[in-house]
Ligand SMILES: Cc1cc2nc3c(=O)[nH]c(=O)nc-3n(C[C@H](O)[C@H](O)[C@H](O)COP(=O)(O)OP(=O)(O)OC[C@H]3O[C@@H](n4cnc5c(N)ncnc54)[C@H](O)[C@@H]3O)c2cc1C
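Shown next as structure tokens: one chain only, the form predicted alone.
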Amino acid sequence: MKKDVLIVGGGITGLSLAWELSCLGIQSILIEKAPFIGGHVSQFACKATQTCQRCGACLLEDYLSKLPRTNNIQMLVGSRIDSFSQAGREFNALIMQRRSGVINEKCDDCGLCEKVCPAEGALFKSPLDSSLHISNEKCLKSKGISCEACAQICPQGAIELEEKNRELEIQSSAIALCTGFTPFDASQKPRLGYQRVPGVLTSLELDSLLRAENFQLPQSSDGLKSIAFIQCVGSRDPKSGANYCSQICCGVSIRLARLIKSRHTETRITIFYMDIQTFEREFDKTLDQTKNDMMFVRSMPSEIRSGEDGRPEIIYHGNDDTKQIVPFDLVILSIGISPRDPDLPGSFPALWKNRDGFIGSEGNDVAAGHPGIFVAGAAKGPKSITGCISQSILAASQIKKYLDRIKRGE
């Protein structure tokens, strides 16, 4: 199969890049390792209150509605580059595509398979359409362990565990890496209580619950409702190897807080922070409005623990350096953006890494360190949804210039 561009990664950056290339008359094939398209944005809730909050989450649905109708874009899910070679200016990638193992046309969503599955997370649902999938990384049978519990209990025969993978050889003149980011693992900060103290969630988990409309605000014994947001968890922290600002966290937390406040007006919301970063247009105005409804505390908690009533307690030092212990119904850790391993074969060309460990050089250049290979979006560094789309437009322009030079024999 011959295509102009092979796009690795089916998140918002890969989708927008495929669209921009299509508008330039360039054919592309997009591969995504997950069994569905959308990446992290597929878990993001629309944060509109009475007005649009410019979070960009709705842009994913725009691309998903128009890309399948575009003739010069092909998308493969459950796919990764298995081997790689180069002949002159042509790249040859052997793609391994693994099916999800679930025939969703037969699935009636009875939930029996999820109840009997012994491997946590091996069965999961797409946040886009709630279709059921099997994780090849977590399924015991995929690891060579004899287990067919889900297939045996399914009354509809919707689960097929026998592998029916296929290989495709893709030739392309250019490759675009849009592999996104890895959310910071909040368990690396045990003092903040994640997975240890009930009532402590990450911002990504809260976003996902709000998208699924599965978020119920907990209520304390005295009837008060309170939420705390802790900023810069895994950002601006040399000890975590992330001595940079993740750029999106302040905006995400404030939008999530405003959304909850609009639905639960009596909820007390407190935001603990070092500095509020305003990378977005007109965000200062939003911040000023938010300060009227919420409390901002310029202090980073030293510990989050379980209180006597079971609620999480935040321990921090106030402006006069006195120790404060304040209980909350819910604590949200605003986790940062970490570099992601693009999961490429060893034969793939060596790529540049910038000082923070992301692919590419410093600045906005989309070159990845090898002629014909480009990088865009959060794979290159922390970016918002709109920032990823903007850079995909730049990448499409640079890729077209590169392909035009090849055609001219330069």
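Each residue number is its position in the shown sequence, starting from 1. Since the structure is predicted, the reported quantities are computational estimates derived from the model, not experimental observations.
Note that the form predicted together with this ligand isn't included here; everything after this is about it.
Not displayed here, this ligand is approached by residue 336 to within 4.5 Å at the level of heavy atoms in the model of the complex.
Residue contact with this ligand in the model of the complex: residue 12 places a heavy atom within 4.5 Å of it. Residue contact with this ligand in the model of the complex: residue 231 places no heavy atom within 4.5 Å of it. Taking the partner from elsewhere, residue 176 is found to have every heavy atom lying beyond 4.5 Å of this ligand in the model of the complex.
For the three marked residues, 3, 396 and 398, no heavy atom of any sits within 4.5 Å of this ligand in the model of the complex. Only one segment in the set 134 to 142, 265 to 273, 244 to 252, 300 to 308 has residues whose heavy atoms sit within 4.5 Å of this ligand in the model of the complex; it is 244 to 252. Of the candidates 29, 373, 385, 359, 385 is the one whose heavy atoms come within 4.5 Å of this ligand in the model of the complex; the others do not. Taking this ligand as positioned in the model of the complex, the residues of 70 to 96 that bring a heavy atom within 4.5 Å of it are, in sequence order, 79, 80.
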